[in-house]
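Shown here is one chain on its own, the form predicted on its own, set out as structure tokens.
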Amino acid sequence: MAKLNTRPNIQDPDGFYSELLMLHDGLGKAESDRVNARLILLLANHIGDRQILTEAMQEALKAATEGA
């Protein structure tokens, strides 16, 4: 059974974060929300493992509700 990797695992995380912010540059709230939703769906499709995706959703909700 696969487990969600929550350890740092992105090459050049600062560059990735900068690129992610630039992706939204000049977009309105609705457009930005659509970009985020599409990005989530693309990455979820790439991951493909439903157990991992469920665990990721639970971790995201936990972080959002606990302020982490």
Partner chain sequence: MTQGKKIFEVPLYAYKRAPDQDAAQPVHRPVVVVGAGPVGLTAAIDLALQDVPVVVLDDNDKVSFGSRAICFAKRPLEIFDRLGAVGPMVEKGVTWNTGKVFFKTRKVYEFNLLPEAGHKHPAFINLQQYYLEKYLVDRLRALEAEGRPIELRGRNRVEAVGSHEDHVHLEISTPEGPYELTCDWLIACDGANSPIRRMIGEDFVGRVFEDNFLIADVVMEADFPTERWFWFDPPFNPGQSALLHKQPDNVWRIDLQLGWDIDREREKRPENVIPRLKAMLGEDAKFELEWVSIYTFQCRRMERFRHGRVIFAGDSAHQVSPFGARGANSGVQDTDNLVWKLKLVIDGLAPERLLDSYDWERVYAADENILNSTRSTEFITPKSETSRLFRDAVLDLAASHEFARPLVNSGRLSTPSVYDDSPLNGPDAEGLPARTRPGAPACDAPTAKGWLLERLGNRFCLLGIGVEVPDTLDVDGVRAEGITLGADEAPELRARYLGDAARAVYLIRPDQHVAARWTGFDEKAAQAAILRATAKG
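Residue numbers count along the first chain shown, from 1. Model, not experiment: these values are computed from the prediction.
Quick note: we don't show the form predicted together with the partner chain, though the next part is all about it.
I40 belongs to the set of residues with a heavy atom inside 4.5 Å of the partner chain in the predicted complex. In the predicted complex, N9 stays away from the partner chain, with no heavy atom inside 4.5 Å. Interface residue remark: Q51 is not counted as part of the site for the partner chain in the predicted complex, having no heavy atom within 4.5 Å.
Interface residue remark: Q58 is not counted as part of the site for the partner chain in the predicted complex, having no heavy atom within 4.5 Å. Contacts between stretch 22-36 and the partner chain, counted in the predicted complex as any heavy atom lying within 4.5 Å, involve D33, R34, listed in sequence order.
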